[in-house]
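Here you'll find one protein chain in two forms, each presented separately as structure tokens under the names structure 1 and structure 2.
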Structure 1
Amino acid sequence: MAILLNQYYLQIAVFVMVNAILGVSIYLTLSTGQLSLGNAGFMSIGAYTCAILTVKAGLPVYLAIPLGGLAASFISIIIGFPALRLTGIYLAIATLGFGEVVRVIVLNLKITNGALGISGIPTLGTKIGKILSSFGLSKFGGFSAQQVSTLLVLVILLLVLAFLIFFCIRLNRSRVGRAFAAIKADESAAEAMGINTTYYKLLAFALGALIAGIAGGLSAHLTFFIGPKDFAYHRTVEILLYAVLGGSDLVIGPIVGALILTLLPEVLRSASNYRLMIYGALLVTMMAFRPQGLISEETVRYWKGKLGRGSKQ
């Protein structure tokens, strides 16, 4: 137990959670079959809004993070109307362009401090640590206050993630979720069936942006510092990889993808300079043997059958 509560492992677990939340955000846009590459852009809007609100306006973190998400979501609706008229690769390129635009705007604004970024953002861990010490608690049965506050941050993130998973599963069984699935299967047919495709596509897009914005706000308050470089093109690719590796049929797919892709570089630390090559090679192998991603609906059905609970489904 003491080994598992090592600050190092806790910190990695925290990053896994944030990336898993990003995985959910890409899952939501993919669930209508839209390949949007704007998630890093939305993440950066969320992160910057949130950091500016807490550092410059002195707003409490628990208010600033949802506000960051809402700001991202609001922008996504504005750009969603024209962008979602596009499909496939055209949408991908438009949203990719959007991400770059956001990065360049952030780079040139005064309030975002340009290329220097915003530093000295209070982290969730130190905030919780302060609250704990105000109660006069500094030691917890051999664990330092730092460990306990990181653990609490982890619990909070876990709750957010659990809520998102629950939300997605419920969404899939609702009218909205069925509409998403119909659009993903065949947009023209869905439209012929009377589904307002623009509305549902925009909804999925805005939901994805909201969650990406929240993840951005969380990450700003976990790393002390944000700069425009953190939300460049490579971040978008990373987020997309969670869905590609884990599979985008089920919400659990991108989460598993995020878990693996966040842990892998750390597990491979002992390989030193070769670790990124191994990382790349694993991805190629993965794509060659399982292009649909690790977890698809068939996988779940297969394992349910194998475990003897197939009849229930």
Structure 2
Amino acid sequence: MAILLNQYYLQIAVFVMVNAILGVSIYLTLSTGQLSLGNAGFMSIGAYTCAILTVKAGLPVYLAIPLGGLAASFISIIIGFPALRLTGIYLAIATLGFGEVVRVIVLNLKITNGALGISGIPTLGTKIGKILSSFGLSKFGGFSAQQVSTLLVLVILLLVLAFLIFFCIRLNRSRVGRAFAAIKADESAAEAMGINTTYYKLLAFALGALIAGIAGGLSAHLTFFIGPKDFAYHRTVEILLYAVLGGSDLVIGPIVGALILTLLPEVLRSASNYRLMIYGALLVTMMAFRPQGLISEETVRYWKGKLGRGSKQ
């Protein structure tokens, strides 16, 4: 128990949750077959919006984070109308360019402090710690206030992730989800059947941006500082790898990919200088030997059948 409550491990668990939320954002975008590389840009919009609202406008964190997600979603709708006319690699290049444009804008805006970034961001753990102290709970059940506040942050993130998983499962079983699946399978056939492909593609794009913006806001309020380098090209590659490694057929796939790729740098800390090389090799290997990712619909059916046979015996 002492090892599990170690502050280092708790922080890693918190970042796993944030990255899992980002995995859900890329899943929603890919659910209509759109290869978007703009999630890091939407994440930066959400992070900077939340940081500016809390640090410079004094807005409460619980209001700033949803507003950051809405800001990212609003921008996604603006760029989505022209960008979603593109498909495949052309859409990927366009959205990758969007992410770089956002980073350059952030570097040159006075309100974002340019390359210096924004520091002094109130963290969720600090906020919760102050609330606990106001109730005289500086220690609770033998745990320190810092441990309790981090555990509560982890619980909040787990609840957010659980809600997003539930939302995606319900969405997939709805008329909207069936439209997403039809567009992913064959966009021309879906359009011939009367599905408004532009509307549904834009909806998936906006939902993915909303969740990425919320993840950015959460990330900003889990650390003391954010800067343009936090949302550079490497972040785009990481988010894409969540889906490539875990799989994009099911919502659990990118979440598993986020879990593995968040823990991997900690396991291979001695090789941190070669992290991007390892990610590149991992991407090539997955594309060559298992392009559908670790978890696919076939994988789930296989294990269900195997477990079903095992229970009958």
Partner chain sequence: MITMKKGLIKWFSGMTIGALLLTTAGCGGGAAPTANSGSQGGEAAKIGVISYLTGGGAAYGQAIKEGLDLAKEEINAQGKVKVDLIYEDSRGDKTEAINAINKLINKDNVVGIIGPTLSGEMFAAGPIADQAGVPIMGTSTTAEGIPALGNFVFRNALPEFLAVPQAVEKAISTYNLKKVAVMYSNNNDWAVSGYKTIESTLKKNGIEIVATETFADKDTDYSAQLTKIASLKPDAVMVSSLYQEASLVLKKAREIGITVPFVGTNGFNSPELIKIAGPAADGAIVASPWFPGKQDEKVQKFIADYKAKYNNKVPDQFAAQAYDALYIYASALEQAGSTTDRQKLRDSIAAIKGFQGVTGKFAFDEKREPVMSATVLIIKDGQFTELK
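In this text, rigid core is short for the largest set of C-alphas that superpose within 1.5 Å between two forms. Throughout, residue numbering runs from 1 along the sequence of structure 1. All figures in this text were calculated on a predicted structure; none of them were measured in a lab.
- [ ] Look at both copies of the chain and name the one that is the form predicted in complex with the partner chain.
- [x] Answer is structure 1, the other one does not fit.
TODO: Once the core is aligned, please say if the CA of Arg301 is shifted by at least 2 angstroms between the two structures.
DONE: Result for Arg301: no, shift under 2 Å.
Task: Rigid core superposed, the C-alpha shift at Pro291 between the two structures in Å - done: Once the two forms are fitted on their core, the shift reads 2.5 Å.
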